[in-house]
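In the form predicted on its own, a lone chain appears below as structure tokens.
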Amino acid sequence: MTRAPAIVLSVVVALGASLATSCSRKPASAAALKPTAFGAAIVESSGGKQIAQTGGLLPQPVIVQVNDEQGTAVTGALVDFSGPAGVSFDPASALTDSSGQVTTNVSLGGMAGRYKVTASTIDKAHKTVEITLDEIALGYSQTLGRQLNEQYCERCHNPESTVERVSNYDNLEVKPHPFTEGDTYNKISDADLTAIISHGGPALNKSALMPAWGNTLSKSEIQALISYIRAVSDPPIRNAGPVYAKN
């Protein structure tokens, strides 16, 4: 009977020692990555100018490529990803693969606006070489506008067809402007956009092929649609919203 506490105590001590050892041991993924090669440039392969909800994961990963002075892909170069507060990367650092590329999944912050995320590498002189990509986070109103766009607008304003939607763009004599055309939409005031959406193109001497949506969409829905247009226009209008950078 007197041996039981000693046995229990020894088990607790052994368990504590085991936990302490396991906690102090860093996982392999946390170990510092060491490059085996260095590039001269880093370029975007894909993933820039994507749209997600605030706090959400971008629909496609961000892929960057490291090249040498001749433009040849470099294997084994270290790439680090960084961004403003609230943005996360998986992984945040990695070595380029045999194609010279690194892929990461990006989650945006909790505030609506444009996020500038950076991918950087080190050249042979140990100088930082980087590229910055713009990503867009939509708030509640802009997300509603995006849904309205998909329901009512995309079929004509987007020239690309998808499995879910066949574009009518090529069938129109007067081609509508995609909502990403900032050079066009930045010249149109919110009041004029409201008039065009509500009363159709002829309200401002635009194409009669643009129908009136004032009896379909409420005033708040029209404003949500305009806020979405402002969010995705490229280049953005000056008052489109905040831009979040790492500094």
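What you see is a predicted model, and the numbers here were worked out from it, not measured in a lab. Position 1 is the first residue in the sequence shown; the rest follow in order.
Omitted here: the form predicted in complex with a small molecule. The next part is about that form.
Residues within 4.5 angstroms of the small molecule in the model of the complex, judged by any non-hydrogen atom, belong to 152 to 160 and to none of the other stretches in 152 to 160, 130 to 138, 83 to 91, 68 to 76. The contact with the small molecule in the model of the complex, taken as any heavy atom within 4.5 Å, belongs to Ser207 out of Ser207, Thr180, Ser45, Thr36.
Not displayed here, the small molecule is approached by Pro176 to within 4.5 Å at the level of heavy atoms in the model of the complex.
Not displayed here, the small molecule is kept clear of Val64 by more than 4.5 Å at the level of heavy atoms in the model of the complex. The small molecule is not shown here, but in the model of the complex it comes within 4.5 Å of a heavy atom of Ile188. When the small molecule is considered in the model of the complex, Val232 lies well away from it, no heavy atom lying within 4.5 Å.
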